[in-house]
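In structure tokens, one chain follows: the form predicted on its own.
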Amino acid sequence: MPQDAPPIQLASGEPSPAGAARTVKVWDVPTRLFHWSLVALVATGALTGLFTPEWWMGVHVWAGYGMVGLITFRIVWGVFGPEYSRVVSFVYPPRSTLEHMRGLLMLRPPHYVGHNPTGALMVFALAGVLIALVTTGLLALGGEEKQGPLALVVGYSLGSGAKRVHHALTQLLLLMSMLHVAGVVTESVLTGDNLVRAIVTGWKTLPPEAPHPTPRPARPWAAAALTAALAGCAALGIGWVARQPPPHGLRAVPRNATYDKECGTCHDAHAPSLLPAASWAGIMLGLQDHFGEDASLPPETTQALAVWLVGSAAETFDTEAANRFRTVAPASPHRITATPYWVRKHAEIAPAVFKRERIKSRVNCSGCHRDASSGRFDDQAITIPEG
């Protein structure tokens, strides 16, 4: 864009001098970087949340953390940034919004230097949905996955409910994003000003009659100081969380050497949280016919293992796996691989995958889940071995 474009120096509300349209610098570099970074993170979050396998969860989570950082920065920059990045510059009364909408319907919308009233309304709506999206995402991450800053206080039930809301908000955000793009295209066509180019280069072309205020300069040092303070608080909070006990509902159960020896020699020594207490009690009472084999043990060993398994069963945990596997198949209550959740989650995996060298059997959870022995079953810990 031309570097000799005249600066905006007129008093608020005064029109530009008569003459040709003028090119003015509107969007500063931080605002433009924020905008396109947010676009990239929203796209990444949507793709990894809706279309990629579960083991992409780590990318999805970091996209969410990135959104938290960007939103925080934008709030700070909305106070200390230059004129058209400040929130107060695009807070319009309802009357102005209705007048702009009427202009759109008449195909003659007025020109605005920064956000127009309808666009500002969409900005606030998108910001609200994004804040709700990252909030429900953090609740779901803490409650279901037992990860993140809320894992210490959020239970599975709340996390599961937040996840459903999170999915609904994702659909709403995608719809609003499409409406936003449609609005940008419509405004660009009707006003003759390429708004996409403006948010890329920072420059807008305005007709001579377009009013504009004298822009206020940015206060970058104040913004940097507040951002640094917020980042320091976040770092302290993360450090505090890292030093805390296990997350809410995730018990630290020491490994049982007898269980590992007696059960782990034939198959995975499954985490006790993968079946309810009644199923473990039934398994230990029927070791003489253990899925077609005689797995009988000395009575004292059987009793000790039964007590340990029942005392560490699914009812004693609040993890996603424990909550899901509490519902067993009525016809086969002792089989983990027969539970409705296991069947549903593995329905799309080809039978040949379970025959690969590192898996060999459907009951070999650790063949794909690196944290199977802990009972966590984090999405990020899934690795399906190559055939």
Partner chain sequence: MKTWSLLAVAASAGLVASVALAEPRRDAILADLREQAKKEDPRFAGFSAERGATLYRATHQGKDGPISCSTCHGSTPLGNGQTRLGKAIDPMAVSKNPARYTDSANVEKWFKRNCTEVLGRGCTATEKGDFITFMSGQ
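Positions refer to the first chain, counted from 1. If you're wondering where the values come from, they're calculated on a predicted model, not measured in any experiment.
Although not depicted, the form predicted in complex with its partner chain is the subject of the following passage.
The closest non-hydrogen atom of L47 lies beyond 4.5 Å of its partner chain in the model of the complex.
None of the heavy atoms of R102 is located within 4.5 Å of its partner chain in the model of the complex.
Within this chain, E300 is remote from the site of its partner chain in the model of the complex, having no heavy atom within 4.5 Å. Although the partner is absent from this view, E357 contacts its partner chain in the model of the complex, with a non-hydrogen atom inside 4.5 angstroms. Look at 104-112, 151-159, 185-193, 285-293: in the model of the complex, residues with non-hydrogen atoms within 4.5 angstroms of its partner chain sit in 285-293. Only one of the listed residues (H267, R197, H180, R216) places a non-hydrogen atom within 4.5 angstroms of its partner chain in the model of the complex, and that residue is H267. With the partner omitted here, the residue from T52, S332, S361, T327 that has a non-hydrogen atom within 4.5 angstroms of its partner chain in the model of the complex is S361.
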